[in-house]
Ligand SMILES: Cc1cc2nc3c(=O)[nH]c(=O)nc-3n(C[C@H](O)[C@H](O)[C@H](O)COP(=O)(O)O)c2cc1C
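What follows is one chain in structure tokens, specifically the form predicted alone.
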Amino acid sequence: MNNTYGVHGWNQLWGGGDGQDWTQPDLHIEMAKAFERACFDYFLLEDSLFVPDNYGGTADFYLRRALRAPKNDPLPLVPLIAQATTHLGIVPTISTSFYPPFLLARLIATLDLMSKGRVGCNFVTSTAERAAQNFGLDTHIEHDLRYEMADEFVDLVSRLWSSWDADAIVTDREAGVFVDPAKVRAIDFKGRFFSSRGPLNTARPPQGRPVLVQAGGSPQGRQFAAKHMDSVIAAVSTVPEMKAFRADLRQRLVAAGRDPESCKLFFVVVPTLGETNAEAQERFRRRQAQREASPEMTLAQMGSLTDIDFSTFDLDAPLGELTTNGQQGTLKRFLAQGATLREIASNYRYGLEDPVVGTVQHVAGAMAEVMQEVGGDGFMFSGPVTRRHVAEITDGVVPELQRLGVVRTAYEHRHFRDNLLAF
């Protein structure tokens, strides 16, 4: 979910209101119930920690359009969603660059205990200079160094989650013993970036280690994922890109000594639905026309991910090579979409879009064919966050995917990780 606990649909035809209720959790709870009804693996709650001012050198563009700001912390949504569902995995986003490891380990362990084993964690290194400045840094940590920190961060929190044995809580009333002291231990972790004595002061999470998710596309991000992650999100837009990403990740998993099937890879998909294929094509055409008429929306969004002010470039002049300390994989894909900035903004696709335009039957069939060719694990739905779009997916596309036998029709297990790895 993009811009998770932010403003959605306030000026759109099917937005459901004028945006005055954006601080309330109702939309997210309704979405979670729909996702569980459709037997989704998990609900990913994106987050960021700054007000962008990359486009035009000020925050004006972003604030006027509610683009990435205002935004609330999505973590308070987790227990609300957990209470409203029984099987759906819930994955909030955490920055390894700014969150204290002990605090994160304790928080996620608590949420996993509260949800009876249904919480994960989406690890990001954060990309924006402004986010770093919000946490007391003058400039952001260098890209590759951030991933070195993230590697140590995950190692530390994993050890903290293991500082209690699964059977440490004995609740022996006769002996008057609640916790067996022999089954709780300090970890005495001292690394290059972090240190922690441990143990946690809460119990081992029901899953042992909550589900770990990552979406970085750079070589460093993929290496980090191959070493630690249970699920990876890839935002690529063509079958050849999907095949290449999957082959690269699986090779890295094997090199890390892991079974490639132990990490589930999902590709972002942004379908456009209609009662007929022609109606869906017309909806897609209108959206494409908006992209071409307002390239600044795409450029402002990309600027917030890369710390590049694209307003300073001529839209119709050839664009030279650019570098970033932000999202390097995203920038590389973005710049490959054309010669001029106008072409790039018009052609950029966040995920698989063009082949999935049509009726629910057409879209479901196209998704099944693509996944058969790629050989991956599935898709992550994205798109406009409106009740209409959610219903089109959960009550339209998913039943057709179920009819084709390519997605589950019921959950088999109690815990998130078990369900994730089962299908």
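Since this is a predicted model, take the numbers as computed values, not measurements. We number the residues from 1 along the sequence you see.
Below, we turn to the form predicted together with this ligand, even though it does not appear here.
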Quiz prompt | Residue stretch of 322 to 330, 256 to 264, 191 to 199, 275 to 283 approaching this ligand in the model of the complex, non-hydrogen atom distance within 4.5 Å | solution = 322 to 330
Practice problem: Give a yes or no for V124: in the model of the complex, does one of its heavy atoms lie within 4.5 Å of a heavy atom belonging to this ligand? | Solution: yes
Quiz item: How about Q301: is it within 4.5 Å of this ligand in the model of the complex, going by heavy atoms?
Solution: no
Quiz item: Does E392 reach this ligand in the model of the complex if we count a contact as any heavy atom within 4.5 Å?
Solution: no
Quiz prompt | Proximity of Y147 to this ligand in the model of the complex, heavy atoms at 4.5 Å | solution = yes
Self-check item: Option touching this ligand, based on a heavy atom within 4.5 Å in the model of the complex, out of D377, E36, D53, E46
Solution: E46
Quiz item: Among S346, Q133, T238, S218, which has at least one heavy atom within 4.5 Å of this ligand in the model of the complex?
Solution: S218
Quiz item: Quick check: do W22, L77 and T386 each get a heavy atom within 4.5 Å of this ligand in the model of the complex?
Solution: no
Quiz prompt | Residues of stretch 250 to 282 in contact with this ligand in the model of the complex (4.5 Å, non-hydrogen atom) | solution = V268
